[in-house]
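Below you'll find only one chain, the form predicted on its own, shown as structure tokens.
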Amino acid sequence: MRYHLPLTHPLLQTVDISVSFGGLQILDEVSIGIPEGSVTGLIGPNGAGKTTVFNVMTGFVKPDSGKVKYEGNRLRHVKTHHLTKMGISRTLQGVGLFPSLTARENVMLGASGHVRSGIVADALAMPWTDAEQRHIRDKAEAAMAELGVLSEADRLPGEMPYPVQKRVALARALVSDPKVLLLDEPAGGIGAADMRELGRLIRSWVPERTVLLVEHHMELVMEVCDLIWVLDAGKVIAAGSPEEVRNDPAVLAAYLGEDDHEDDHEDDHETVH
């Protein structure tokens, strides 16, 4: 049985999305909705299909069936390089920074959908002369200042501690001033103090922005999310407020049995508190 939570005009949604790889069903008619101006969580045990949902939404994976809708319109043939122009920005698991570019140049790449010329080539061919590129540089530095990493602007990723790299990656997602932020495990690899600050940052972005959060750290999810969707074995099994999800028997049963799931792309330290 498919699980549906009625929502009025979600900003971003999947409708009956199914995905299979090599005969293995990864997603089975998954329908989730993200209300505008909210923080929405997407959680589930290892191998539940959370990152695959992100990949379908952002065009990395083409579903076997179903559709993605944004602002009420179906997205056909989603191209990842068009997301920025659409007002959607995504972080990746890990950091995904280019090791040969400075922190500032990495952040500037997040605005590449708004520039006419090839920003990667320009980033490697300093100095900056084009007014448009100078504008992007200013925006990048403003985003870095918001994340507290402007002092790291001229350093390469390998010269920065991992938590700082994570903040640079978040700045890259913010530089295009997106309407929707898709955060894929932003708390991975950071300590408790950084996680608390991350929670405050995420809440500060709404209601001006809409956030969809995939995260293993349940304390962060329960703290920042207005709505949570729960996947298990490629199906939506529950949805609701943090309190509703925390006490849902289906969710508790899914997490108690999470050792039966395996996924090379997801960590194994999530618990429901």
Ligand SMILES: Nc1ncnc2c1ncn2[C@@H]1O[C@H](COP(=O)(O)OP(=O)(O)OP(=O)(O)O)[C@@H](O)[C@H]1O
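Just so we're clear, the structure is a prediction, and the values are computed from it rather than from any experiment. Just count from 1 along the sequence shown to find any residue number.
Not on display, but discussed next: the form predicted together with the ligand.
When the ligand is considered in the predicted complex, residue 48 lines it closely, a heavy atom lying within 4.5 Å. Using a 4.5 angstroms threshold between heavy atoms, residue 52 counts as touching the ligand in the predicted complex. When contacts are judged by a 4.5 Å heavy atom cut-off, residue 56 does not count as touching the ligand in the predicted complex. With a 4.5 Å cutoff on heavy atoms, residue 105 does not count as touching the ligand in the predicted complex; it lies far away.
The listed set 218, 238, 211, 26 contains one residue whose heavy atoms approach the ligand in the predicted complex to within 4.5 Å, identified as 26. Note on the interface: of 38-46, 238-246, 63-71, 222-230, the segment with non-hydrogen atoms within 4.5 angstroms of the ligand in the predicted complex is 38-46.
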